[in-house]
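Next up is one chain by itself, shown in structure tokens, the form predicted alone.
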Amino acid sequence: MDSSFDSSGIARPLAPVRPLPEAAARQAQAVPLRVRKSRWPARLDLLQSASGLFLALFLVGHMFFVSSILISKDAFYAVARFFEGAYFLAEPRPWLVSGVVGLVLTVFVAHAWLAMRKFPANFRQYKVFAEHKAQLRHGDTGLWWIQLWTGFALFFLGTVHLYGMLTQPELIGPYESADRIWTGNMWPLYLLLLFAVEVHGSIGLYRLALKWGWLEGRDPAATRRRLRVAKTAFSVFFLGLGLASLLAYVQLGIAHADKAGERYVPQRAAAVKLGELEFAVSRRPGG
């Protein structure tokens, strides 16, 4: 029998080794198979990127559409009626605009929900990340932090704007939009929305390009620098264009404040109506 010696040098028999239970023994002897990881996190990440790219491209088109007021009131009126189908249907259909806005609003909410997966879930996680960011002092981490807060602001500011366009698509025009911005006191909201959406969008496109390797060159550091320059140029250009457009609407709203609620009639259409009126007057009985 096996024995062991204690401190006194006296041999003592070893305690018998108890065998493992049969189930535990089989589990210990079994070689673990390859664990298959879920693909859903990657799929959701891809959907977040795709929805963000869609919204960024819509933002670019929307900004050029809105800034047509800088050309003339007639130019903005023509663009607004184009999206209502006035040039290829018998008459304008404002519900077409509501359909497009409804699609954008759906993608907007879905993108916000997908992005919330990466937000700090509680104050403890927020504190840990804030400390980590302060110690790391990494530029792209700081940009993600800015994107988080601008996205949080957009969830409220953007929803208000989209809801108004969804429910009142017929009130898109030079006078109508200017009255909403100035007489309706919406200009503070649009000013905050402009900064939030342009900063959020430029950072989002920059991070998408880094994440998926767009415009990637041989030197990653040089590629990152070029993308940062492009991000800054994007923000400066569209912020300048947005501020100039908002100022034009404010000035038009101030000038039109005493006639708030009046619909805009293009100069050409007004001339036609005036000609019809003159013709009708000249044909009056006894005229």
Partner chain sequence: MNAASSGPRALTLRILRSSPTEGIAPHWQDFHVEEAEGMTLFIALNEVRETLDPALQFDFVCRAGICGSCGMLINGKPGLACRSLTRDLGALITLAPLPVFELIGDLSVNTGKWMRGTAERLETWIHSSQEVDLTAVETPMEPELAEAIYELDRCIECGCCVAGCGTLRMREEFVGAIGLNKIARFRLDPRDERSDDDFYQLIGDDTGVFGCMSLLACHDVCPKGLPLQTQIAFLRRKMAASGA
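Positions refer to the first chain, counted from 1. On a predicted model such as this, the values are computed, not experimentally measured, just so you know.
Here the subject shifts to the form predicted in complex with the partner chain, a form of this protein not shown in this document.
Participant: Quick check on this chain: which one of 79, 189, 153, 210 has a heavy atom within 4.5 Å of the partner chain in the model of the complex?
Facilitator: If I apply the 4.5 Å criterion carefully, the residue I get is 210.
Participant: Under a 4.5 angstroms heavy atom criterion, identify the one residue in 95, 195, 129, 113 near the partner chain in the model of the complex.
Facilitator: Among 95, 195, 129, 113, a heavy atom within 4.5 Å of the partner chain in the model of the complex occurs only for 129.
Participant: How about residue 125 - does it come within 4.5 Å of the partner chain in the model of the complex, if we only consider non-hydrogen atoms?
Facilitator: Output for residue 125 is yes: heavy atoms within 4.5 Å of the partner chain.
Participant: Is there a heavy atom of residue 224 no more than 4.5 Å from a heavy atom of the partner chain in the model of the complex?
Facilitator: Residue 224: yes, in contact with the partner chain in the model of the complex.
Participant: Spell out, yes or no, whether the shortest heavy atom distance between residue 140 and the partner chain in the model of the complex is within 4.5 Å.
Facilitator: Looking in the model of the complex, residue contacts with the partner chain include residue 140, since a heavy atom lies within 4.5 Å.
Participant: Is residue 135 one of the residues lying within 4.5 Å of the partner chain in the model of the complex, judged by heavy atom distances?
Facilitator: Yes, residue 135 lies within 4.5 Å of the partner chain in the model of the complex.
Participant: Report the stretch among 64 to 72, 238 to 246, 257 to 265, 38 to 46 that approaches the partner chain in the model of the complex to within 4.5 Å, counting heavy atoms only.
Facilitator: One stretch meets the cut-off, namely 38 to 46.
Participant: Judged by heavy atoms and a 4.5 Å cut-off, are 161, 182 and 184 together in contact with the partner chain in the model of the complex?
Facilitator: Spot residues vs the partner chain: no contact at all.
Participant: So which bits of 214 to 233 sit within 4.5 Å of the partner chain in the model of the complex, heavy atoms only?
Facilitator: Counting only heavy atoms within 4.5 Å of the partner chain in the model of the complex, the contacting residues of 214 to 233 are 216, 220, 224.
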